[in-house]
Every structure is written in C-alpha cells, then in structure tokens.
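Here you get one chain, nothing else, as structure tokens; it is the form predicted on its own.
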C-alpha cells in the first residue's frame, strides 16, 4: 500500500512583484510504500525543502496532487504524520517534559494520556534523565533527540525528517541512527532528507533523487547502486551524467 503519492506537483515563487515567478518544482512525482525508509537527496536548491513544505501544507503547490494513505482526508492524514524540521524552534525556557507537553496540547491530544506517553518517547530517545532539564542546557544532539521525541509523540504512521543529523558530533550521529534503526524495525514509514550519502545508504530502503525541481530517480537503493560498491560511487556516476544532460 502506498503511504504517499505525489503526482506532478509544481510550485513557483515570485521574488518581486515586477519579476517573473521562479519555478522551483516542475511536475515532481514519486511514490512511497508503507513501511519503507526513503532517503530524499539532491543538491542545494533542488527543491527538497519546498517539496516537504508542500506535503505538510505549510505552503500550497500550484498544481498536481498529494495523497497520503490512499487519499485519506488531509486533516486525518496530518494526525498520522510526525515531522522534524531542519531548524526546529525550541523554547529554551521549557524543560524537555514541558516542551513535549506543549506539542501534545497543540496536537489536541487527551491530557490524561500525556504523562505515560511522554515518558515512553523520552526513554525511546534516551532522554529520560534530562526530562526536567531546561532546553537551554541541552546539547545539539540532545535537542535533535527531543525534536524526534515530539515527532513521535502522537504515534505517527509516517515520519518526515529534514536533515536529522545535521551538525551532530559522532556520538550524536550514532545515537540518532540507532533511534532511526529502531523505528525502521517497527515498520514506520519514513522520509529523510539528507546530504549525507553514507547515512542514507546505511539506513534507507529506497531513494528519491531530485534536481532542479524534478524527480530523477525513485526506486530502491540496491537497484540504484547495483553496479557500484557504494551509494557515493553510484551517485558520482549519476551526477556525471547529470552534468551532461543538465549542463550543471
């Protein structure tokens, strides 16, 4: 079953009233099957973040269609989606537990169920010891983990992660990867935007490559790198052909 179908979505932005709109997405299409962990890659400016914003309706595409869970009502779909943005905003005066309580309230979830669920996700991201600590005293890695905790709070069926390991030290990266591997084992559908090919290769089942607002590849990682030893070497070859086709 498809957890997400994206069909020919387009999006343009007008930098100035008198300037011609710039088309960022050009009939972008791809499909994600339920239970798969999908890497979402491409050069800076390829349209990855714009696509994610369209998926979540933070902005609206100009044309095309986006269907979650076999075209389930978008409001019902959103209740089943967890999201960690690349640059999440953290209210530094809150403790870890208070931060989760804020997001629990924003999601409109029943207050009597909060405590047990919050402690469960804090244990899942290995932050139980810091639940009463202020976010201003969290390390970068701890902030990423509390961000994942809030994304998991409502027991989502689909997780969207935008650069979840950006700027982390080796210990932080190992912890985040261990968390993502445990979620993968639970068959939670995940879409992860990343610039780190080694992480995508280690964690993901499938791969979506975008360039200049178009989908250039959407299939399994195994198939993409079948003639190469690593994802990076396969991507280097792919990019070499890209430079010929797109003159980049």
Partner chain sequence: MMRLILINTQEWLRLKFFHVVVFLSFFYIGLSYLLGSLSFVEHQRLIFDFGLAGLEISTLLIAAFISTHALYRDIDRKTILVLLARPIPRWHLLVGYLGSLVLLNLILTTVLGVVLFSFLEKNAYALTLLVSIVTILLKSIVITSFGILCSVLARAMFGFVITIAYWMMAYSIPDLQYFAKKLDNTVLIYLARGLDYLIPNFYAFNWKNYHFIRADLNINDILWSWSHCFGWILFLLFLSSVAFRKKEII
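Numbering follows the first chain given and starts at 1. Bear in mind that the values here come from a model prediction, so they are computed numbers and not experimental data.
Quick note: we don't show the form predicted together with its partner chain, though the next part is all about it.
> Quick check: do 58, 78 and 101 each get a heavy atom within 4.5 Å of its partner chain in the predicted bound form?
Replying inline: Yes, each of 58, 78 and 101 comes within 4.5 Å of its partner chain in the predicted bound form.
> Can residue 105 be called a contact residue for its partner chain in the predicted bound form at 4.5 Å between heavy atoms?
Replying inline: Contact with its partner chain, yes.
>> I'd like to know whether residue 158 contacts its partner chain in the predicted bound form, with contact meaning heavy atoms within 4.5 angstroms.
In response: No, residue 158 stays farther than 4.5 Å from its partner chain in the predicted bound form.
>> Please tell me whether any heavy atom belonging to residue 91 falls inside 4.5 Å of a heavy atom of its partner chain, as the geometry stands in the predicted bound form.
In response: Yes.
> How about residue 172: is it within 4.5 Å of its partner chain in the predicted bound form, going by heavy atoms?
Replying inline: Contact check for residue 172: no, nothing within 4.5 Å of its partner chain in the predicted bound form.
> Going by heavy atoms within 4.5 Å, which of 93 to 101, 122 to 130, 137 to 145, 172 to 180 lines up against its partner chain in the predicted bound form?
Replying inline: Of the stretches listed, the one contacting the partner is 93 to 101.
>> Using a 4.5 Å heavy atom cutoff, which residues in 1 to 16 contact its partner chain in the predicted bound form? It's fine if the answer is none.
In response: Heavy-atom contacts within 4.5 Å come from 11, 13.
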